[in-house]
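Next up: the same protein chain in two forms, each one alone, written as C-alpha coordinates (structure 1, then structure 2).
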Structure 1
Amino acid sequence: MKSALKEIAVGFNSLITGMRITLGQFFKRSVTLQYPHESLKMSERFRGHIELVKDPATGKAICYACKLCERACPSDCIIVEGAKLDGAKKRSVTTYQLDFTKCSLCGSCVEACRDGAIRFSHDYNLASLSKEEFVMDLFKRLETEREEEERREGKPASAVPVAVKPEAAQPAAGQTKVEVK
(Lines of atoms letter the chains of each structure in order from A and count residues from 1; the text may use other names and numbers.)
(Lines give C-alpha, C1' and ligand atoms only; values in the text may rest on other atoms or scores of the structure.)
Protein backbone atom coordinates (compact mmCIF):
# COMPACT_ATOMS: atom_id res chain seq x y z
CA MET A 1 0.00 0.00 0.00
CA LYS A 2 2.87 2.38 0.87
CA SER A 3 4.60 1.71 -2.46
CA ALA A 4 1.41 2.47 -4.38
CA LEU A 5 0.95 5.81 -2.54
CA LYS A 6 4.61 6.63 -3.07
CA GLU A 7 4.26 5.89 -6.79
CA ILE A 8 1.18 8.15 -7.02
CA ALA A 9 3.03 10.98 -5.21
CA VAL A 10 6.05 10.71 -7.54
CA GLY A 11 3.75 10.66 -10.58
CA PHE A 12 1.81 13.70 -9.34
CA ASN A 13 5.07 15.57 -8.67
CA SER A 14 6.24 14.74 -12.21
CA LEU A 15 2.92 15.99 -13.61
CA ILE A 16 3.16 19.29 -11.71
CA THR A 17 6.79 19.79 -12.87
CA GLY A 18 5.84 19.14 -16.50
CA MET A 19 2.85 21.49 -16.34
CA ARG A 20 5.01 24.23 -14.77
CA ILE A 21 7.52 24.00 -17.63
CA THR A 22 4.74 23.92 -20.25
CA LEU A 23 3.02 26.98 -18.82
CA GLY A 24 6.33 28.84 -18.63
CA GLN A 25 6.97 28.17 -22.33
CA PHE A 26 3.37 28.94 -23.29
CA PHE A 27 3.61 32.58 -22.22
CA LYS A 28 6.99 33.24 -23.87
CA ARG A 29 7.04 35.14 -27.14
CA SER A 30 7.51 32.81 -30.12
CA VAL A 31 10.42 33.33 -32.49
CA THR A 32 9.56 32.98 -36.16
CA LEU A 33 11.71 33.78 -39.16
CA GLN A 34 10.24 34.44 -42.58
CA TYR A 35 12.65 31.91 -44.13
CA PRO A 36 13.45 32.95 -47.66
CA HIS A 37 13.72 36.61 -46.69
CA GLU A 38 15.35 36.20 -43.27
CA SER A 39 18.05 33.77 -42.24
CA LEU A 40 19.35 32.44 -38.98
CA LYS A 41 22.36 34.10 -37.40
CA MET A 42 24.86 31.31 -36.96
CA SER A 43 27.10 31.19 -33.93
CA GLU A 44 30.83 31.70 -34.38
CA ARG A 45 31.45 28.03 -33.52
CA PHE A 46 29.15 26.68 -36.26
CA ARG A 47 30.82 24.07 -38.45
CA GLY A 48 29.73 24.18 -42.08
CA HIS A 49 31.83 22.90 -44.94
CA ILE A 50 35.42 24.11 -45.06
CA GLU A 51 36.45 27.08 -47.17
CA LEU A 52 39.71 28.65 -48.21
CA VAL A 53 40.83 31.82 -46.45
CA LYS A 54 41.95 34.66 -48.68
CA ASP A 55 44.85 36.98 -48.04
CA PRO A 56 43.40 40.42 -47.20
CA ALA A 57 46.19 42.20 -49.09
CA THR A 58 46.04 40.31 -52.39
CA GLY A 59 42.62 38.66 -52.27
CA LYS A 60 44.15 35.33 -53.29
CA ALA A 61 44.14 32.09 -51.32
CA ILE A 62 46.68 31.76 -48.49
CA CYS A 63 46.97 28.03 -49.17
CA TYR A 64 50.14 26.89 -50.91
CA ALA A 65 49.17 23.23 -51.36
CA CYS A 66 51.26 21.62 -48.62
CA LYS A 67 48.64 18.82 -48.48
CA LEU A 68 48.64 18.57 -44.67
CA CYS A 69 44.85 18.83 -44.65
CA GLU A 70 44.58 16.09 -47.28
CA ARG A 71 46.72 13.75 -45.16
CA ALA A 72 44.88 14.62 -41.93
CA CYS A 73 41.40 13.94 -43.34
CA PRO A 74 40.09 10.58 -42.04
CA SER A 75 37.25 10.56 -44.59
CA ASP A 76 39.61 11.04 -47.56
CA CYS A 77 37.37 13.74 -49.01
CA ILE A 78 39.97 16.43 -49.82
CA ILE A 79 42.11 16.63 -52.96
CA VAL A 80 44.68 19.42 -53.18
CA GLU A 81 46.82 20.21 -56.19
CA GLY A 82 49.27 23.06 -56.57
CA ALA A 83 51.87 24.45 -58.90
CA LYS A 84 54.60 27.06 -58.79
CA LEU A 85 53.40 29.90 -60.99
CA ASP A 86 55.73 32.21 -62.90
CA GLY A 87 57.23 34.89 -60.67
CA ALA A 88 55.90 33.36 -57.45
CA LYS A 89 58.12 32.53 -54.50
CA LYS A 90 55.98 29.67 -53.22
CA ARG A 91 53.66 27.15 -54.73
CA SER A 92 50.06 28.20 -55.19
CA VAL A 93 46.96 26.08 -54.92
CA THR A 94 45.34 25.34 -58.29
CA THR A 95 42.67 22.85 -57.22
CA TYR A 96 41.15 22.34 -53.79
CA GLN A 97 38.37 19.81 -54.15
CA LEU A 98 36.08 18.86 -51.26
CA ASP A 99 33.61 15.99 -51.45
CA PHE A 100 31.10 17.19 -48.86
CA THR A 101 29.09 13.96 -49.12
CA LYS A 102 31.99 12.13 -47.43
CA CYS A 103 32.99 14.87 -44.98
CA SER A 104 32.32 14.12 -41.32
CA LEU A 105 33.01 17.73 -40.18
CA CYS A 106 35.57 16.45 -37.69
CA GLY A 107 37.86 19.47 -38.06
CA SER A 108 41.10 17.53 -38.47
CA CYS A 109 41.91 19.40 -41.67
CA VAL A 110 41.40 22.81 -40.06
CA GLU A 111 43.55 21.84 -37.08
CA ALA A 112 46.30 20.41 -39.32
CA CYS A 113 46.64 23.57 -41.41
CA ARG A 114 49.56 25.40 -39.85
CA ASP A 115 48.99 28.60 -41.84
CA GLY A 116 45.28 29.01 -41.12
CA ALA A 117 44.49 28.73 -44.83
CA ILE A 118 41.19 26.89 -44.31
CA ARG A 119 38.31 27.43 -41.91
CA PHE A 120 34.75 26.31 -41.37
CA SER A 121 32.14 28.12 -43.42
CA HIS A 122 28.96 29.60 -41.96
CA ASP A 123 26.86 28.36 -44.89
CA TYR A 124 24.09 26.19 -43.50
CA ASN A 125 21.58 26.34 -46.31
CA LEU A 126 23.00 23.71 -48.66
CA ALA A 127 20.39 21.76 -50.57
CA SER A 128 20.47 19.92 -53.85
CA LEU A 129 18.86 17.10 -55.75
CA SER A 130 22.15 15.59 -56.92
CA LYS A 131 25.27 14.44 -55.10
CA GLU A 132 27.54 15.97 -57.76
CA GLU A 133 26.74 19.47 -56.53
CA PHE A 134 28.35 18.64 -53.18
CA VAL A 135 31.73 17.99 -54.78
CA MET A 136 33.08 21.53 -54.60
CA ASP A 137 36.24 23.12 -55.94
CA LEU A 138 36.94 25.60 -53.17
CA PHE A 139 39.69 27.36 -55.14
CA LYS A 140 37.33 28.16 -58.03
CA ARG A 141 34.71 29.24 -55.51
CA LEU A 142 37.16 31.66 -53.88
CA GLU A 143 38.24 33.04 -57.26
CA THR A 144 34.63 33.68 -58.35
CA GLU A 145 33.96 35.47 -55.05
CA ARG A 146 37.06 37.61 -55.62
CA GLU A 147 35.98 38.46 -59.18
CA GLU A 148 32.49 39.41 -57.96
CA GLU A 149 34.01 41.71 -55.32
CA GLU A 150 36.23 43.34 -57.95
CA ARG A 151 33.25 43.79 -60.25
CA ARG A 152 31.25 45.42 -57.44
CA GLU A 153 34.14 47.76 -56.64
CA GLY A 154 34.63 48.61 -60.32
CA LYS A 155 38.13 47.13 -60.62
CA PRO A 156 39.11 45.22 -63.78
CA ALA A 157 39.06 41.45 -63.32
CA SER A 158 42.54 40.04 -62.89
CA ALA A 159 43.69 37.12 -64.97
CA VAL A 160 43.53 33.83 -63.09
CA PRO A 161 46.09 31.23 -64.21
CA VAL A 162 44.48 27.92 -65.10
CA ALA A 163 46.43 24.70 -64.81
CA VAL A 164 46.00 22.55 -67.92
CA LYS A 165 45.96 18.83 -67.36
CA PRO A 166 48.38 16.92 -69.64
CA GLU A 167 45.64 14.71 -71.08
CA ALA A 168 43.63 17.80 -72.00
CA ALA A 169 46.53 19.46 -73.82
CA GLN A 170 46.45 17.12 -76.84
CA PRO A 171 43.08 16.24 -78.37
CA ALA A 172 42.45 12.57 -79.01
CA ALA A 173 41.95 11.26 -82.55
CA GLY A 174 38.63 12.45 -83.94
CA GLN A 175 38.21 14.97 -81.13
CA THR A 176 37.95 18.60 -82.15
CA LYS A 177 37.03 20.48 -78.98
CA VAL A 178 38.59 20.10 -75.52
CA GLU A 179 37.00 21.60 -72.42
CA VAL A 180 39.05 22.14 -69.27
CA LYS A 181 37.08 22.32 -66.07
Structure 2
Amino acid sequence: MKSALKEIAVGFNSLITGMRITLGQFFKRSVTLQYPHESLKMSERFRGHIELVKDPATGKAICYACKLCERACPSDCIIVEGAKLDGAKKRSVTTYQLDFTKCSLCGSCVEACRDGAIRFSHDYNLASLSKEEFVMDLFKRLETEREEEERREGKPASAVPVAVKPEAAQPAAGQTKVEVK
Protein backbone atom coordinates (compact mmCIF):
# COMPACT_ATOMS: atom_id res chain seq x y z
CA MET A 1 0.00 0.00 0.00
CA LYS A 2 2.71 2.39 1.05
CA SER A 3 4.86 1.57 -1.97
CA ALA A 4 1.85 1.89 -4.24
CA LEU A 5 1.11 5.35 -2.87
CA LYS A 6 4.74 6.28 -3.28
CA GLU A 7 4.68 5.08 -6.87
CA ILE A 8 1.63 7.19 -7.56
CA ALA A 9 3.29 10.22 -6.00
CA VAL A 10 6.54 9.72 -7.92
CA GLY A 11 4.65 9.08 -11.13
CA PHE A 12 2.51 12.15 -10.70
CA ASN A 13 5.59 14.20 -9.98
CA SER A 14 7.24 12.93 -13.16
CA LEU A 15 4.20 14.00 -15.15
CA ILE A 16 4.32 17.47 -13.64
CA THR A 17 8.05 17.69 -14.45
CA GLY A 18 7.36 16.77 -18.06
CA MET A 19 4.64 19.37 -18.35
CA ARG A 20 6.86 22.01 -16.80
CA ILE A 21 9.57 21.26 -19.36
CA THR A 22 7.25 21.56 -22.33
CA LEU A 23 5.73 24.74 -20.94
CA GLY A 24 9.25 26.14 -20.62
CA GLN A 25 9.78 25.43 -24.31
CA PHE A 26 6.40 26.96 -25.14
CA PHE A 27 7.60 30.47 -24.48
CA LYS A 28 10.93 30.14 -26.23
CA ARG A 29 11.69 31.45 -29.68
CA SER A 30 10.92 29.06 -32.50
CA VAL A 31 13.96 27.41 -34.02
CA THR A 32 12.70 26.84 -37.52
CA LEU A 33 13.22 28.78 -40.68
CA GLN A 34 10.23 29.59 -42.88
CA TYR A 35 11.72 28.05 -45.95
CA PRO A 36 10.26 29.64 -49.04
CA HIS A 37 10.38 33.06 -47.36
CA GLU A 38 13.83 32.70 -45.88
CA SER A 39 16.55 30.27 -46.78
CA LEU A 40 19.86 29.23 -45.36
CA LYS A 41 23.19 30.19 -46.78
CA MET A 42 24.97 27.04 -47.79
CA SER A 43 28.29 26.38 -46.20
CA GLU A 44 31.47 26.88 -48.17
CA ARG A 45 31.98 23.18 -48.78
CA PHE A 46 28.37 22.40 -49.60
CA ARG A 47 28.14 19.68 -52.18
CA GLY A 48 25.51 20.64 -54.70
CA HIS A 49 25.55 19.40 -58.28
CA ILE A 50 28.78 20.07 -60.11
CA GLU A 51 29.42 23.01 -62.38
CA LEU A 52 32.24 24.01 -64.67
CA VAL A 53 34.71 26.61 -63.48
CA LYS A 54 35.53 29.58 -65.64
CA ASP A 55 39.05 30.58 -66.42
CA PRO A 56 39.18 34.16 -65.11
CA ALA A 57 41.52 35.15 -67.91
CA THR A 58 39.47 34.01 -70.86
CA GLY A 59 36.04 33.65 -69.31
CA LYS A 60 35.77 30.20 -70.83
CA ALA A 61 35.72 26.84 -69.16
CA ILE A 62 38.99 25.51 -67.81
CA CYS A 63 37.92 21.99 -68.71
CA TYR A 64 39.59 20.45 -71.71
CA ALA A 65 37.65 17.21 -71.75
CA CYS A 66 40.26 14.86 -70.36
CA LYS A 67 37.41 12.60 -69.23
CA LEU A 68 38.95 11.76 -65.87
CA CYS A 69 35.71 12.72 -64.16
CA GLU A 70 33.72 10.60 -66.56
CA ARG A 71 35.80 7.62 -65.60
CA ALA A 72 35.77 8.36 -61.89
CA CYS A 73 32.01 8.63 -61.68
CA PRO A 74 30.53 5.56 -60.00
CA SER A 75 27.10 6.21 -61.44
CA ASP A 76 28.02 6.97 -65.07
CA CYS A 77 26.23 10.26 -64.99
CA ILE A 78 28.79 12.42 -66.79
CA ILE A 79 29.36 12.53 -70.53
CA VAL A 80 32.13 14.86 -71.68
CA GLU A 81 32.96 15.62 -75.25
CA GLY A 82 35.73 17.88 -76.40
CA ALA A 83 37.27 19.03 -79.65
CA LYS A 84 40.31 20.89 -80.76
CA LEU A 85 39.05 24.22 -81.97
CA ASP A 86 40.74 26.05 -84.81
CA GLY A 87 43.88 27.81 -83.74
CA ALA A 88 43.77 26.53 -80.19
CA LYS A 89 46.65 24.69 -78.62
CA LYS A 90 44.60 22.58 -76.28
CA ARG A 91 41.37 20.70 -76.66
CA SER A 92 38.38 22.41 -75.18
CA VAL A 93 35.13 21.08 -73.91
CA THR A 94 32.12 21.16 -76.22
CA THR A 95 29.59 19.13 -74.25
CA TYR A 96 29.51 18.44 -70.56
CA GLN A 97 26.38 16.51 -69.83
CA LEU A 98 25.44 15.77 -66.24
CA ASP A 99 22.55 13.42 -65.64
CA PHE A 100 21.60 14.66 -62.22
CA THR A 101 18.94 11.98 -61.79
CA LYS A 102 21.72 9.44 -61.45
CA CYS A 103 24.20 11.57 -59.53
CA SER A 104 24.71 10.71 -55.88
CA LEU A 105 26.71 13.86 -55.10
CA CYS A 106 29.70 11.82 -54.01
CA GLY A 107 32.20 14.25 -55.41
CA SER A 108 34.48 11.68 -57.03
CA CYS A 109 34.52 13.77 -60.19
CA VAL A 110 35.69 16.89 -58.41
CA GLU A 111 38.42 14.91 -56.71
CA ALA A 112 39.47 13.27 -59.93
CA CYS A 113 39.88 16.57 -61.73
CA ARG A 114 43.49 17.64 -61.76
CA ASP A 115 42.92 21.17 -62.96
CA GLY A 116 40.13 22.32 -60.72
CA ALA A 117 37.84 22.64 -63.71
CA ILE A 118 34.74 21.48 -61.89
CA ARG A 119 33.38 22.37 -58.50
CA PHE A 120 30.23 22.01 -56.46
CA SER A 121 27.56 24.61 -56.94
CA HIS A 122 25.62 25.94 -53.98
CA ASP A 123 22.38 25.53 -55.84
CA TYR A 124 19.96 23.37 -53.90
CA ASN A 125 16.56 24.59 -55.04
CA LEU A 126 16.30 21.91 -57.64
CA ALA A 127 12.73 20.97 -58.28
CA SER A 128 11.09 20.26 -61.54
CA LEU A 129 8.08 18.59 -63.03
CA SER A 130 10.05 16.68 -65.62
CA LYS A 131 12.96 14.35 -65.38
CA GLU A 132 14.57 15.78 -68.51
CA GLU A 133 15.34 19.06 -66.76
CA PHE A 134 17.89 17.28 -64.66
CA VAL A 135 19.95 16.24 -67.60
CA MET A 136 21.95 19.42 -67.72
CA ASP A 137 24.52 20.52 -70.18
CA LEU A 138 26.93 22.30 -67.92
CA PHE A 139 28.94 23.67 -70.83
CA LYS A 140 25.92 25.28 -72.44
CA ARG A 141 24.93 26.61 -69.06
CA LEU A 142 28.31 28.23 -68.61
CA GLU A 143 28.17 29.72 -72.08
CA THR A 144 24.72 31.24 -71.52
CA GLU A 145 25.95 32.63 -68.28
CA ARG A 146 28.95 34.16 -69.99
CA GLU A 147 26.87 35.64 -72.77
CA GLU A 148 24.49 37.15 -70.30
CA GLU A 149 27.35 38.63 -68.40
CA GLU A 150 28.81 40.11 -71.55
CA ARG A 151 25.48 41.55 -72.52
CA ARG A 152 25.15 43.14 -69.12
CA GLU A 153 28.62 44.61 -69.31
CA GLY A 154 27.96 45.95 -72.78
CA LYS A 155 24.92 47.83 -71.57
CA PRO A 156 25.03 51.57 -70.70
CA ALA A 157 25.88 52.70 -67.19
CA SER A 158 22.25 52.77 -66.11
CA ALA A 159 22.52 49.11 -65.31
CA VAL A 160 23.87 48.64 -61.84
CA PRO A 161 27.43 47.42 -62.14
CA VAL A 162 27.53 44.20 -60.20
CA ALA A 163 30.63 42.24 -59.62
CA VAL A 164 29.10 38.99 -60.71
CA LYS A 165 30.39 36.28 -58.53
CA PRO A 166 29.81 32.81 -59.86
CA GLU A 167 27.66 32.02 -56.82
CA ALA A 168 25.51 35.08 -57.37
CA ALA A 169 25.03 34.24 -60.99
CA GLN A 170 23.81 30.78 -60.13
CA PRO A 171 20.21 31.56 -59.21
CA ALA A 172 19.83 33.67 -62.35
CA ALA A 173 20.79 30.66 -64.41
CA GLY A 174 18.28 28.61 -62.52
CA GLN A 175 15.57 31.14 -63.31
CA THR A 176 16.22 31.15 -67.00
CA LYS A 177 15.89 27.40 -66.89
CA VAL A 178 12.42 27.71 -65.48
CA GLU A 179 11.42 30.26 -68.07
CA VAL A 180 12.51 28.01 -70.88
CA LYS A 181 10.15 25.37 -69.59
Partner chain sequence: MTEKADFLTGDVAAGQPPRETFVLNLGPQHPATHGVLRVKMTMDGEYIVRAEPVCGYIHRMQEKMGENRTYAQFLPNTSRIDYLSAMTYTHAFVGAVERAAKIPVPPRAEYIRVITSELNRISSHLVWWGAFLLDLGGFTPLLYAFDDREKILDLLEAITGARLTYCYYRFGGLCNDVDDSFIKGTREFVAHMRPRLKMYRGLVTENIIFRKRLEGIGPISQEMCRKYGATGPVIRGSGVSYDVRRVEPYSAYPEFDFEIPTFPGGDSMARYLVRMEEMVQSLRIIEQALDKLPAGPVMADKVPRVLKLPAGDYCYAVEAARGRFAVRIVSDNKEIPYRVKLRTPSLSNLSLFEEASKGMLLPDALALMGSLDLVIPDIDR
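Think of the rigid core as the biggest set of C-alphas that the two forms share within 1.5 Å after superposition. Nothing here was measured: the structure is a model prediction, and the numbers come from that model. Here, a residue number simply tells you its place in the sequence of structure 1, counted from 1.
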item: Structure corresponding to the form predicted in complex with its partner chain; value: 2
item: Residue 127: Cα shift of 2 Å or greater between structures 1 and 2 (core-aligned); value: no
item: Flag for residue 43, CA shift 2 Å or larger between structures 1 and 2 after aligning core; value: no
item: Rigid core fit then residue 29 CA moved by 2 Å or more between structures 1 and 2; value: yes
item: Rigid-core-fitted C-alpha displacement of residue 20 between structures 1 and 2 (angstrom); value: 8.6
